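What follows is a single chain, given as structure tokens, in the form predicted on its own.
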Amino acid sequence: MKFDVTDMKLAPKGKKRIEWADADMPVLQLVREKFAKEKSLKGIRMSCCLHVTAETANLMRTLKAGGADVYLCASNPLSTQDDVAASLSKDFGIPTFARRGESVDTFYNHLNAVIDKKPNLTMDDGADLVNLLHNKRTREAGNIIASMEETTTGVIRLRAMEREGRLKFPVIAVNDAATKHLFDNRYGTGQSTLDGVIRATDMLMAGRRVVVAGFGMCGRGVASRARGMGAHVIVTEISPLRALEAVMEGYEVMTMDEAAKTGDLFITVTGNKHILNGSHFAKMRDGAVVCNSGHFDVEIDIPALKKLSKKVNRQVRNNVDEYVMRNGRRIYLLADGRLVNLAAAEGHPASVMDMSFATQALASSYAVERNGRLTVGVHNVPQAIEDWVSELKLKAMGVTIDKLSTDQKKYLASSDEGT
């Protein structure tokens, strides 16, 4: 396949969407100019498995400007913007393999299609490409210089592979970069998740009891935004430290068993499986809404929900399925349990993805520069990249900050001065 999209006639609409997002991504624009001048990715074949959105399209354009041959497939069957996929293939010459609502078989056909291009670099959102290269496409793994991973879930999987001694090539944990998780995960996920919930349900947040499962950066963002809209927010956690932070932030913290009895809206953002299970569904109030903003659709135990139901009414609204329990209670599942912010909305705003994708692009260039010198393992993004991206973002926002004087630098570097 040269590419595989839903409808090439959607390309003009997709191009407008890509250009609109690009206008709010000034740091990535500067990286693209730098790449176009230096051609730091010349001769590199890149296979990328990411959410196919307008923001991602501008990252792909940046990689291509650096000289790379770029191929893109979707990292989630429901996150693809079909018009963007068409425009990338037609207007920007970036072969894209993605169809919104694609089957699991098609999803894996697309993964294999981009691996067929024999990549030197991969870019992942959930480690599906890396996983395939380590299991069924091991021959192609020998060509890989490095991979970039931009999600919490993916980094968890990759660190597990590293501990088990199974990792075959270097990986850069872009997700762990401060310029990514402090902003993208927190502010991006917070806003886009509630955007997805509201688009799907038309729910008024004020006065609702919103249960947020997980108080990592994504959970913090969701909890903060829900509280800002007037919701009473309950947090569930397994980490004593994070639970304590949530308490100190003023949230009510309890177990999911307890929260299940009172919640109106449940949002999972943990990266783990079956956070909401059959025992929780059995306790939920009539009309409870459940959704997920973690990467994979395993956080909500949907088979258990089906088993407890006497009837399932599909699509009572767009992206809303009604499960009717045996006692007549109704539970509403959003977006098939997949990423509600992408399946029911448009994902993170371009402005916050600007930093994430600038860091992602620069990490790719860094990996190529150090070809053969990066050890097999999971690596952090260099601090120099983080600082550069932060400085450029502040400049784009018209913000200036103080600088240390010579005397202050000397004081911080000295042990001579004291009381």
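In this text the structure is predicted, and so the values were computed from the model without any measurement. Just count from 1 along the sequence shown to find any residue number.
FYI, the form predicted in complex with ligand ADE isn't displayed, but the following is about it.
| task | Identify, from the list Glu245, Glu346, Glu252, Asp297, the residue with a heavy atom within 4.5 Å of ligand ADE in the predicted bound form. | result | Of the candidates Glu245, Glu346, Glu252, Asp297, Glu346 is the one lying within 4.5 Å of ligand ADE in the predicted bound form.
| Does Ser365 reach ligand ADE in the predicted bound form, with heavy atoms at most 4.5 Å apart? | Ser365: no, not in contact with ligand ADE in the predicted bound form.
| said: I'd like to know whether Met353 contacts ligand ADE in the predicted bound form, with contact meaning heavy atoms within 4.5 angstroms. | reply: Because a heavy atom of Met353 falls inside 4.5 Å of ligand ADE in the predicted bound form, the answer is yes.
| field | Thr56: touches ligand ADE in the predicted bound form, heavy atom cutoff 4.5 angstroms | value | Looking in the predicted bound form, residue contacts with ligand ADE include Thr56, since a heavy atom lies within 4.5 Å.
| is_contact(Leu342, ligand ADE) in the predicted bound form, heavy atom dist at most 4.5 Å | Looking in the predicted bound form, residue contacts with ligand ADE include Leu342, since a heavy atom lies within 4.5 Å.
| When ligand ADE is placed as it is in the predicted bound form, which of 353 to 361, 366 to 374, 26 to 34, 385 to 393 ends up with heavy atoms within 4.5 Å of it? | Residues of 353 to 361 come within 4.5 Å of the partner.
| Interface residues of 70 to 89 toward ligand ADE, as seen in the predicted bound form [heavy atoms, 4.5 Å] | Sequence-ordered list is empty.
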